[in-house]
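One chain comes next, on its own, written as structure tokens: the form predicted alone.
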């Protein structure tokens, strides 16, 4: 059976690529620290030596709209075109083509149905920065096949937070039941507190530093029970109008397991959001793995 080599969760700031490649007067003052943190984070995936990446993200109303909004969708195709025109224009993101792992996608779809997850699928999915940003930060070579998994964190009615945790647990079981000798990393990206287009978007910190502090502790310690006790669809409106993306972090906590402490934890407080990076090694830290980082 396949081996789950790593579970990784992170934010997906679309300006990282531009900030990290800028030079001279165009390079922001926080870029060097950000790049150093990302390079340490990248090593946690490299050390896991994966063959395939299951990428959990959320379409930002690029391909999925209110006329057809699945709650959970799996991409099943030999190749995926990536990034959209507005992402190229606004964020400077490059166009990409990523290979798909159709056999694992088919297994997840079939096994998901058998585990009471009626997952939607698409054979013509174009992916956006929720998936390409972690590719850029963690595997800039973009040389590994992927299985994209999209979640609905934008358009009500949304699944309850507990359903995201359940899907994370199921995804791990699906990966570990795949008849293959390949090593698989599950990578998911979401948000801590986040405000988009509202009065708290461009504050000195993220819109709710106290929520961010609690969220990092929940994730780092694997406190799923404590997180579910406080986080609801209604409560996620309060830290910022786009904070429902935190449910993708909860999905990754489900994949890592209750009470599982992250092997790598790092954060960066930017001017309007806190970036956060977590890695778990289900089968122990690889010999070349990074030491635990807590900032």
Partner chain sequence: MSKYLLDKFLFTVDRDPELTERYREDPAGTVEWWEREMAGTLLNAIAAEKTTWLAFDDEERRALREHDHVALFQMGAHPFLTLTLFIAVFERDHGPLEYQKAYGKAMEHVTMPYPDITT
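Note that the coordinates shown come from a computational prediction; the quantities given were computed from them, not determined experimentally. Numbering follows the first chain given and starts at 1.
Keep in mind that the form predicted in complex with the partner chain is not shown, yet the notes after this line are about it.
A.B. asks: So, 107, 141 and 282: all three within 4.5 Å of the partner chain in the model of the complex by heavy atoms, or not?
C.D. replies: Verified in the model of the complex; spot residues all out of contact, no.
A.B. asks: So, residue 201 and the partner chain: in the model of the complex, are they within 4.5 Å at any heavy atom pair?
C.D. replies: Judged by the heavy-atom cut-off of 4.5 Å, residue 201 is in contact with the partner chain in the model of the complex.
A.B. asks: Does the partner chain get within 4.5 angstroms of any non-hydrogen atom of residue 196 in the model of the complex?
C.D. replies: So residue 196 counts as contacting the partner chain.
A.B. asks: Is there a heavy atom of residue 156 lying 4.5 Å or less from a heavy atom of the partner chain in the model of the complex?
C.D. replies: Judged by the heavy-atom cut-off of 4.5 Å, residue 156 is in contact with the partner chain in the model of the complex.
A.B. asks: Is there any non-hydrogen atom of residue 40 lying within 4.5 Å of the partner chain in the model of the complex?
C.D. replies: Judged by the heavy-atom cut-off of 4.5 Å, residue 40 is well away from the partner chain in the model of the complex.
A.B. asks: Can you work out which of 179, 124, 90, 114 has a heavy atom no more than 4.5 Å from the partner chain in the model of the complex?
C.D. replies: Comparing distances to the partner chain in the model of the complex, the residue within 4.5 Å is 90.
A.B. asks: Among 48-56, 225-233, 62-70, 258-266, mark the stretch whose residues have heavy atoms within 4.5 Å of the partner chain in the model of the complex.
C.D. replies: Going by heavy atoms within 4.5 Å, the stretch is 62-70.
A.B. asks: Just give me the residues of 232-254, first to last, that have a heavy atom within 4.5 Å of the partner chain in the model of the complex.
C.D. replies: Those in contact are 237, 238, 241.
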